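Below you will find one chain, with nothing else, as structure tokens; this is the form predicted on its own, and questions on how it binds or moves follow later.
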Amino acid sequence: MNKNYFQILRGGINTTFQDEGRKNLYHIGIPFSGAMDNRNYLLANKLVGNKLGAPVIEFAYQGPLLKYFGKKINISITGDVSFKIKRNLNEINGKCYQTIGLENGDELDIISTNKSVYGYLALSAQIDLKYQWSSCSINTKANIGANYGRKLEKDQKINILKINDNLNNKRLNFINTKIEKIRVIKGTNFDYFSDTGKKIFFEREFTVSKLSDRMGMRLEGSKIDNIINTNIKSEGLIKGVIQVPADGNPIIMLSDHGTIGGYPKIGVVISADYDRLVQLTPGSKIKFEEVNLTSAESLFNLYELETQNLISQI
């Protein structure tokens, strides 16, 4: 029996193992998957001294309740998250973006994310996980990845193979910011839509629907009129592409998206805005702003530099 492990007392709403995801498998219908909010994923690993591409536990809205058994281990939680450590008869309010030591018998209660969707739990350890196509990332729609492609549930165990030797305490002063406008470049089927439809897309406000998950984000608002054809021959999709089906309401493809689709594409969310896009909760308002490809590349480079600067501060 493994000496160091977590017992899951509550699975949470959508708790999965995620890492950097899978590359170059679109040709066999496998998307990247991986952590939805890449910046918070990287920061969680850096805080506990892991390799940046190590697996973490991603949770949405309500996180898991875990009981730890074993030698002292460090954890970190990133995102806008409320959580507590239960030690003997005491409760300790947790703080994000810093390391926390867990001892034998401690309970970690990840209560909820705050006005956001995803949070990340990194362990200063090597987790016992099975990999598929060089990644442990779980895609529950396709049953791919660790844990047989299923989300984590009550009464399961998370076994630890090795705890990191370095258990230094670290912290980062960081506040997640909200995004006012989602910047996009024009999609390959932009001219399928009427002038009025294009104006609506860039000038009107849309609402994030409850029908959103790791696969896609459905939006509600004024109908975007299609003047050519509401269906096209199925072709490749990428993360962040915005399709418009016959009902005129946009759908943004997210990390577990299907790799082909037959709805016209009006735009693509730029990579620099993706991390904050996925943190928008149902009921949030979205407005789109057009940028060109050169600007999108510059904004991504700036976002990467900001992320690396944060990592270097830990």
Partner chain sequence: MIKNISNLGDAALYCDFGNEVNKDINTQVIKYFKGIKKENIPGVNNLTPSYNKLIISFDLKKTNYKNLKNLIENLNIDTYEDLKSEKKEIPICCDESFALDIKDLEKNLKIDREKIYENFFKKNFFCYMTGFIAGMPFLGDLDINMRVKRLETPRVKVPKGSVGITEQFANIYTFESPGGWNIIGNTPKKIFDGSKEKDPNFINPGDTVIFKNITKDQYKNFNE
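Positions refer to the first chain, counted from 1. Keep in mind the model is a prediction, meaning the values are calculated, not measured.
Keep in mind that the form predicted in complex with its partner chain is missing from the display, and what follows is about it.
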| property | result |
| --- | --- |
| is_contact(Ser82, its partner chain) in the predicted complex, heavy atom dist at most 4.5 Å | no |
| Ile13: touches its partner chain in the predicted complex, heavy atom cutoff 4.5 angstroms | no |
| Glu304: touches its partner chain in the predicted complex, heavy atom cutoff 4.5 angstroms | yes |
| Contact test in the predicted complex: His27 vs its partner chain, heavy atoms, 4.5 Å | yes |
| Residue stretch of 62-70, 49-57, 279-287, 257-265 approaching its partner chain in the predicted complex, non-hydrogen atom distance within 4.5 Å | 257-265 |
| Heavy atom within 4.5 Å of its partner chain in the predicted complex - the one residue of Thr196, Thr230, Ser209, Gln132 that qualifies | Gln132 |
| Ile182, Ile163, Ile185, Ala146 - the one with a heavy atom within 4.5 Å of its partner chain in the predicted complex | Ile185 |
| Its partner chain in the predicted complex - contacting residues of 282-314, heavy atom within 4.5 Å | Leu293, Ala296, Glu297, Phe300, Glu304 |
